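The chain that follows stands alone, in the form predicted on its own, written as C-alpha cells.
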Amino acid sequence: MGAGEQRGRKPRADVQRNRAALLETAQRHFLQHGVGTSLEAVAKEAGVGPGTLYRHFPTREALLAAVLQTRSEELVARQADIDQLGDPAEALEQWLRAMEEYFSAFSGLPDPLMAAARAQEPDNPLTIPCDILISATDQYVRAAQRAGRVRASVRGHDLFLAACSIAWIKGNGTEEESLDRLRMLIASGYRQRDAQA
C-alpha cells in the first residue's frame, strides 16, 4: 500500500477512541486544574500511555487547541446572535464580552493565547485559533469604524489582547464591579470621542 492510499484511509477505531478519550479527559482536567494540569494524569485517566497522548498531541498547546476547538460551538452560536445586532458598536462590545467568557473557560488560558497572538509562531497550534478570533474582532472593529463609533487607529489584535487581559484578571478573583470599571476604561480608549457622550 502506498503512502497516498494510507493517508486516505479512515483512522482505526481504537485510534479514534483514544483521541476522543484524551480530549474528553483533558477538557475535564483543564476545567478542574487549569491549563497547567499534568498531561501524564490526563493520559492515565484516559486509559492510555503518555506515548499515545504525544502521538495525538505532541505539545500541551496542541492538546489545548484541540480542546478549544471542541468548545467553540458556543462561541460560534454567540457570534451568530451578535451578527444580528443593528448597532456595530454594541456588536463589538458583545463580541468582546463573548471572547472574554471563552477565554475564561480554563484557569490560565489567557496566558498561552496572548503568547500565541503576540509571537505569531506558525508552529504553535494556538496561533491559528487566535488568528481566527483576531480576524473576527477586526471585522467588528471595521464595521464600528465605518459607523463612526470606533477610532480609526484601533485594531482587532489590540482588542483581542484586551479581552484576554480581562479574562486573566477575572481568573485571579477580581470582583465584577472592578471588571466593569476596567471594561469601561478600555471602551473609552477605543470609542470615537463624539460617540462616547
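Numbers follow the displayed sequence, beginning with 1. Everything numeric in this text was worked out from a predicted model, so none of it was measured.
There is also a form predicted together with a further copy of the same chain; it is not shown, and the following applies to it.
S.K.: Heavy atom within 4.5 Å of a further copy of the same chain in the model of the complex: which of 66, 169, 143, 31?
M.R.: So the residue touching a further copy of the same chain in the model of the complex, by this definition, is 169.
S.K.: So a further copy of the same chain isn't shown here. In the model of the complex, which residue out of 78, 97, 118, 71 has a non-hydrogen atom within 4.5 Å of it?
M.R.: Among 78, 97, 118, 71, a heavy atom within 4.5 Å of a further copy of the same chain in the model of the complex occurs only for 118.
S.K.: So, in the model of the complex, is residue 178 in contact with a further copy of the same chain at a 4.5 angstroms heavy atom limit?
M.R.: Although a further copy of the same chain is absent here, residue 178 would touch it in the model of the complex, with heavy atoms inside 4.5 Å.
S.K.: Under a 4.5 Å heavy atom criterion, is residue 165 part of the interface with a further copy of the same chain in the model of the complex?
M.R.: Output for residue 165 is yes: heavy atoms within 4.5 Å of a further copy of the same chain.
S.K.: Using the partner position in the model of the complex, report whether residue 55 sits within 4.5 Å of a further copy of the same chain, counting heavy atoms only.
M.R.: No, residue 55 is distant from the partner.
S.K.: Report yes if any heavy atom of residue 16 sits within 4.5 Å of a heavy atom of a further copy of the same chain in the model of the complex; otherwise report no.
M.R.: Result no; residue 16 lies far from a further copy of the same chain in the model of the complex.
S.K.: Considering a further copy of the same chain in the model of the complex, find the one stretch among 58 to 66, 42 to 50, 127 to 135, 155 to 163 with heavy atoms no farther than 4.5 Å from it.
M.R.: The contacting stretch is 155 to 163.
S.K.: Which residues in 110 to 128 have a heavy atom within 4.5 Å of a further copy of the same chain in the model of the complex?
M.R.: Stretch hits, in order: 110, 111, 114, 115, 118.
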